[in-house]
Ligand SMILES: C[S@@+](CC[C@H](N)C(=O)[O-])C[C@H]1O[C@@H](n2cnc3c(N)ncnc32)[C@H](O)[C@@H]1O
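Take a look at this one chain, the form predicted on its own, written out in C-alpha cells.
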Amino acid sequence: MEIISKIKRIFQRQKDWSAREAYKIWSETYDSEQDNLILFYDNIILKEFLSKINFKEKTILDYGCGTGRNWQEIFNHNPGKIIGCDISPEMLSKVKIKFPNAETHLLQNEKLTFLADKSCDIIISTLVIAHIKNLNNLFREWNRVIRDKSEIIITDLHPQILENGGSRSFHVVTNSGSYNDKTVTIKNFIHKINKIEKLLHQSGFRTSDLIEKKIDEDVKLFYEKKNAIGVYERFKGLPFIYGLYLTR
C-alpha cells in the first residue's frame, strides 16, 4: 500500500504541476512557442479589447504578466505606465531583458502590497485566472487598487474545456535537465464565467464584452501541425478560450 501511495504521488507531481514550478521551466521557451493555439487567440482577443480603451496617461496593472509578451502591444496604445506582477521570478527576468526599466513585482499571494489604494486605472490579466484558487480574495484586492472609473480585461482557458479534460500544458524540448522531452501539465481551478462576472459585478463592474472561441475548422490547422487530430476530434465544438471586458 505504501508503494502504491508513493507511485500515485509521483504521478500526480508529473501530471499536475503548480504554476510556480511549471513556469520556472516554461520561461526558457515561452516567448519562442510556435503554433500555440491558446497564445495565438489570446493575442487576437486582447487586441480587440485594447482597441476599445483610451490608455492616455493611464496606469496599467498587468496581473500575471509573465514574460511581458503583451507589453509592446499595450505600449502601442501609449499608456502612462505599466506595472507587472507574477509568481515566477524566471518569467519576470524575461520582462527585464525586453524592458530594462520595467516596474515588476514578485507575487507571494493575492496581496498587492506594492500598490496604494485606487492607484490603477486598468487591470489586464491574461491566461491567469484558472491558476487562482480563491477569486474572492483576488478580486477584493483588485477592487482596492483600481480607481472608481476603471476597466478590467481577463482572458483564460475556457472552463468548459477544463471541465471536459482539457489542460494547460507544454512540452519541454530545450531544457538540458531531467525534464527534457517531457510534457508538463499545470494545475488549474475551474471558475465559471458567470461566477467571475458575478463577483466583479458586486464591485460595480459591468460586462461590456464577452468573446468565446470554439474548436472548429478555423483552428484545425493548429492540431494538424502538432499531429494531434485525435485531440481535435475529442474537443471539437467546445469553447477553448474566452475574454471578458468589464467597465465601471
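If you're wondering where the values come from, they're calculated on a predicted model, not measured in any experiment. In case it trips you up, residue 1 is the first one in the sequence shown, and so on.
Separately, the form predicted together with the ligand exists; it is not shown, and the next lines address it.
Answer with one of 128, 145, 152, 82: the residue that has a non-hydrogen atom within 4.5 Å of the ligand in the predicted complex. Here the answer is residue option 128.
To verify the annotation, which of these, 87, 120, 161, 95, has a non-hydrogen atom within 4.5 Å of the ligand in the predicted complex? Comparing distances to the ligand in the predicted complex, the residue within 4.5 Å is 87.
Tell me which stretch of 212-220, 66-74, 51-59, 192-200 has a heavy atom within 4.5 angstroms of the ligand in the predicted complex. Stretch with heavy atoms near the partner: 66-74.
Touches the ligand in the predicted complex: residue 240 (any heavy atom, 4.5 Å): Although the ligand is absent here, residue 240 would stay clear of it in the predicted complex, with no heavy atoms inside 4.5 Å.
Contact of residue 19 with the ligand in the predicted complex (heavy atom, 4.5 Å): Answer yes; at least one heavy atom of residue 19 falls within 4.5 Å of the ligand in the predicted complex.
Is the gap between residue 107 and the ligand in the predicted complex 4.5 Å or less for some heavy atom pair? Output for residue 107 is yes: heavy atoms within 4.5 Å of the ligand.
Contact set, 134-166 vs the ligand in the predicted complex - heavy atom within 4.5 angstroms: Sequence-ordered list is empty.
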